[in-house]
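Single chain ahead, by itself, as structure tokens, in the form predicted on its own.
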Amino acid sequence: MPSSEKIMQVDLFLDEREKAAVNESLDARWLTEGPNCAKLQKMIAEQLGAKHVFFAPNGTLGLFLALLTLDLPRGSEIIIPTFTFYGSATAAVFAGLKPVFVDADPDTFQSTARAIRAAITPATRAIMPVHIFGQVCEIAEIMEVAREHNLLVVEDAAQALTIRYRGKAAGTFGDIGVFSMFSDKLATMGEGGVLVTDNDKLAERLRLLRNQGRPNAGTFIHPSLGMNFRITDLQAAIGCVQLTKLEAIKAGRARRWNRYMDGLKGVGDLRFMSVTDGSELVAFRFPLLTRKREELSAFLESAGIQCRGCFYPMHLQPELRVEPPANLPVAESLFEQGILLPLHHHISDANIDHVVAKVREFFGANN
């Protein structure tokens, strides 16, 4: 690999097909939600087996919209894993709910039914399981807990579009599922969120909430309160093309994951994420754990390999801390030891071999 070439954490799988789709939308002079949005809704519904599909400007606002749709009493507790992106928790706070954080599984990094069950109190009204790093948490077991306690479930499936657990798509187990189509996700619109539900009543409320409290544009009678959570047809044009690439993207990520694993097994003190029994894995990044996180990250960055750390736990965030302090050691350890290596459509076998060689060099392993 040339020394001047930097291996980036994220790179987009865009080509002439997306450009042509956007140009067609411009030529049609239809920029707000229109035919491309309708087409994308149908494609997503078919891929996921979902009855109702809606859009939001991004995944975080998608979660916020989903929680507003549940119409829970202010101050209700919602159980959320502490090992997640900040938007999972802030969506709950802005929806007037109280996050109660639970720890992650030390092997899969996912939400667990056992941790969620232990956190339920008389004030609990909902659960937000999160599917992390391209696999699905034990969502069937979590749904059993929810049914036992009459709790609503919003799945944060931001990183799990079309990924399946026991044959069923992530995001379709709970009352509402939310996906992200941000730039680093499996399929992108640049920004964008997707909400799915099979519940007709929730779908009707969601439809009104996201469109200024009215079922359709063009009317000035608003039967409900609502806001503007719409997207543009330009975004949807890109999204439609991206969905046609998903199978190639998924196959490529599986191959790249295996190449990393084959090259790094047994190196230093490295530990790797395992996969939930019954879940597909479509790698979001390549996470690894080491007690030498800071030193290894600095070494790789100096070699032109862009790294990222794992999530800073929600229970440690300045605006989300609780008293007495929560004891959630797994998430803290994942943050302290976690490194995310680049894994995307444009990273070549030679790139991965270079990353592997540098990691092995750092640990003094034999090549």
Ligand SMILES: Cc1ncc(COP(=O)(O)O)c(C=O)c1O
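Note that residue numbering begins at 1 and tracks the sequence as displayed. Computed from a prediction, not measured in an experiment: that's the story for all the values here.
In what follows, reference is made to the form predicted together with the ligand, a form of this protein that is not presented.
Taking non-hydrogen atoms only, Ser180 approaches the ligand to within 4.5 angstroms in the predicted bound form. Proximity of Asn36 to the ligand in the predicted bound form falls outside the 4.5 Å heavy atom cutoff. Not displayed here, the ligand is kept clear of Gln337 by more than 4.5 Å at the level of heavy atoms in the predicted bound form. With a 4.5 Å cutoff on heavy atoms, Gly59 counts as touching the ligand in the predicted bound form. Stretch 83-91 is the answer when you ask which of 286-294, 198-206, 161-169, 83-91 has residues with heavy atoms within 4.5 Å of the ligand in the predicted bound form. Of the residues given (Gly239, Gly192, Pro99, Gly174), Gly192 alone sits with a heavy atom within 4.5 Å of the ligand in the predicted bound form. The contact residue chosen from Ile116, Val130, Leu152, Ile231 relative to the ligand in the predicted bound form is Val130, the criterion being a non-hydrogen atom within 4.5 angstroms.
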